[in-house]
Structures are given as structure tokens and as C-alpha cells.
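Shown below, as C-alpha cells, is a lone chain in the form predicted alone; questions about how it binds or moves come after it.
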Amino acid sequence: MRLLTHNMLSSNIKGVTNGFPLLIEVEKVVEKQVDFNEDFLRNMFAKIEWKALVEASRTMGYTELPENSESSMLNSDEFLRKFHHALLELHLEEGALVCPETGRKFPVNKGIPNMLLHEDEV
């Protein structure tokens, strides 16, 4: 699961008001090469919750993203490459996503998060 996906997911358990960002429990991280696309990154930048991306990337062992960001950074090739790596090339292969409010764990197996809810959570 890419951090791009993580940045878009939240816990939809009944009654949960603070289901984002999901915490990450890492068992296995894999780096997969992805073609670099500046236009895609520039378009996605405004849609990304930056603080959640930074926290998630650090949880997965990548500490190169700056704590804060601004759109002027999109003019830096170095910044775009770090953003690209964190967003698209780091994959949570095995582990869990954890609801920040309830602590409910959603397993991630072979890079696929299982966000299905139990009957009592719907």
C-alpha cells in the first residue's frame, strides 16, 4: 500500500469522529520503483494532508520529508524527488492501519489494506 493510498483512507466505524489519519504498524516495507512524473506530483500536492504524509513516512523509516511544506517547494527537483519517493515508492507490504480513535486494527497483507467493518461497526 502506497502512502498516497494511506493519505486518502480513514476509519468509517460507526460513531468515530476522528478516523484520520490512520496510524501505521509496520511489519514489512518494500520500495518499488515508479516513473517520476513532476506534473502528477504538482497536481497531487494540494490534495495531500502533509502532516499525515510526514508522520506515515517516518513510521516507515523515511525521514527525508520536511516537517512543513509550501507550494514554492514544488520548484525544487530535490523536494519533488523526496515527495515522489515517500508518496509512491514506499509500500507497506505487511502490517496494520490503526483507527486513531478506537484502536481498531485493519490488517495490510501483500500490500492490500482490509478496511471491511464488522457487523457491529456499521
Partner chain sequence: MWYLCVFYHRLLEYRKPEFESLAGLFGAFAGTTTGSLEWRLPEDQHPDSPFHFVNIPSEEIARNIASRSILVKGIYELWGEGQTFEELEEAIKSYPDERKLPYLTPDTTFKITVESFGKVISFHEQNNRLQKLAFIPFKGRVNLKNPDHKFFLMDNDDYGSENGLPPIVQRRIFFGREIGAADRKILQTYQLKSRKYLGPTAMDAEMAFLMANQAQVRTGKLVYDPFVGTGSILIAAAHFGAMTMGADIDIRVVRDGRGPDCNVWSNFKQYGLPMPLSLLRADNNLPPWRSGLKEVFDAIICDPPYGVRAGGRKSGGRKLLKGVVAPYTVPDDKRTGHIPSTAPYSLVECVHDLLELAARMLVPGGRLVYFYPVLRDNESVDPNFPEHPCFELIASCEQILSYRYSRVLLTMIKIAPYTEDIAEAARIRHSEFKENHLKWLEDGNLHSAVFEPAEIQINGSGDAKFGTKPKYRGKYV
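From a predicted model like this one, the values you see are computed outputs, not experimental measurements. Positions refer to the first chain, counted from 1.
Here the subject shifts to the form predicted in complex with its partner chain, a form of this protein not shown in this document.
- Residues placing heavy atoms within 4.5 Å of its partner chain in the predicted complex fall in a single listed stretch, namely 45-53, out of 72-80, 45-53, 23-31, 59-67.
- Although the partner is absent from this view, Pro100 stays clear of its partner chain in the predicted complex, with no non-hydrogen atom inside 4.5 angstroms.
- Proximity of Leu9 to its partner chain in the predicted complex: non-hydrogen atoms within 4.5 Å are present.
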